[in-house]
Structures are given as C-alpha cells and as structure tokens.
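Only one chain is included here, represented as structure tokens and corresponding to the form predicted on its own.
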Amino acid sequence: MSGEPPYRGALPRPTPETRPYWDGAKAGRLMLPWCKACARPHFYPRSICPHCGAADLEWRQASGRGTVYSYVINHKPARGFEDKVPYVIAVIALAEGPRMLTNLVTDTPTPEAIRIDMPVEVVFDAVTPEITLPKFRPVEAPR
C-alpha cells in the first residue's frame, strides 16, 4: 500500500459466517468452508452446505489455484475505482470446485491476454489495515 492512494472502493463487512474467510485472507491464506457431511467445499461462505443442507462445516485452506471461468474487462469504473480502469472482473473456477467472483490482476487487461481456462493463482491485496482482498493473477506457463 505504500506510495499508492488510499483504497476508495467498497469494503466487505465480515460477519460471523464470513470471518474465517477474511481472517484467512489477511494472513495470506484462501480459506473455504467444507461440509463434514458431504465432504464438498463451497463459496460464498454461509452457515449451511448448499449441496446437502448440512450445518456441520469446517474451514480449510484452499490451494489458491484455479482457472478463468468467465471475465469482463471493465472500462466504466464503479465509484472508488476511477483510477483503476480498465480492470478485469472474473469468475475463477477454483481447483477445489467452487467458483468465486474476484478481480484478475494483469498488466495487460486485453482480450488477447486473457482466455477462458487460463491458469491463475491467488494474490492478496491488503487494501486497508483490516481488510485484505483475494485476487488472482495469470500463472506463467513453464518454459
């Protein structure tokens, strides 16, 4: 955050259901709720499993890897993002299965540089002392 203007975008308000997710992000870990009954993870965080309806959940660290499922390159910024355009809003299919809406961080936010199924990895953006946002960046192919 040093040298950058203060974050002006909307900030999440952690709830009891989402607190482990935000605490994990602040610690540099992508956390997902996993159902103990059906053994499946889900996202977004909530108090019951969307797959089987069970309420017995545990938090586990995800790999932080995934692929681009869908994206849009935004040229008309939301309030607080005027100095960030263009930026990429993406749905990432996590290696564990769930999909999450996030930002794709790239120096070249163009259709030529981004593709569906492109491998990505999580990065963490500490936008305030309290809130760190998980975002994703392209993974370079091995040479």
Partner chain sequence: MSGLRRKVAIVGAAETDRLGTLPEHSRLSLHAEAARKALADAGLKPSDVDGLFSTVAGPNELSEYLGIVPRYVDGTGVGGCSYMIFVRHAVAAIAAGYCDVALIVHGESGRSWIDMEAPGTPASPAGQFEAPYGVAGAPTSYSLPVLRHFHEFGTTKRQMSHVPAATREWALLNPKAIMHKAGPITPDDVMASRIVCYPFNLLDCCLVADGGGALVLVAAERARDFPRPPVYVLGSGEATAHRQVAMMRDFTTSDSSRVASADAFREAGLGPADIDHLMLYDAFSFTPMLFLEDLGFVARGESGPFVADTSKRADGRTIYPTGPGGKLPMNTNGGGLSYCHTGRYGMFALLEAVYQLRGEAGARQVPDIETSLVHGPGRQFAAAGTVILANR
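A quick note: this is a predicted structure, and the numbers were derived from the prediction, not measured. Positions refer to the first chain, counted from 1.
Omitted from view is the form predicted in complex with the partner chain, to which the following refers.
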Selected contact from Lys26, Arg46, Arg60, His51, since only one has a non-hydrogen atom within 4.5 angstroms of the partner chain in the model of the complex
Arg46
In the model of the complex, the one of Ala37, Ala95, Ala113, Ile89 near the partner chain [non-hydrogen atom within 4.5 angstroms]
Ile89
Indicate whether the partner chain has at least one heavy atom within 4.5 Å of a heavy atom of Asp117 in the model of the complex.
yes
At 4.5 Å between heavy atoms, is Asn103 in contact with the partner chain in the model of the complex?
yes
Partner contact for Arg99 in the model of the complex: the partner chain, 4.5 angstroms, heavy atom
yes
Quick one: does Ala126 come within 4.5 Å of the partner chain in the model of the complex, counting heavy atoms only?
no
Does anything in 12-30 come within 4.5 Å of the partner chain in the model of the complex by heavy atoms, and if so which residues, in order?
Pro12, Arg13, Pro14, Thr15, Thr18, Tyr21, Trp22
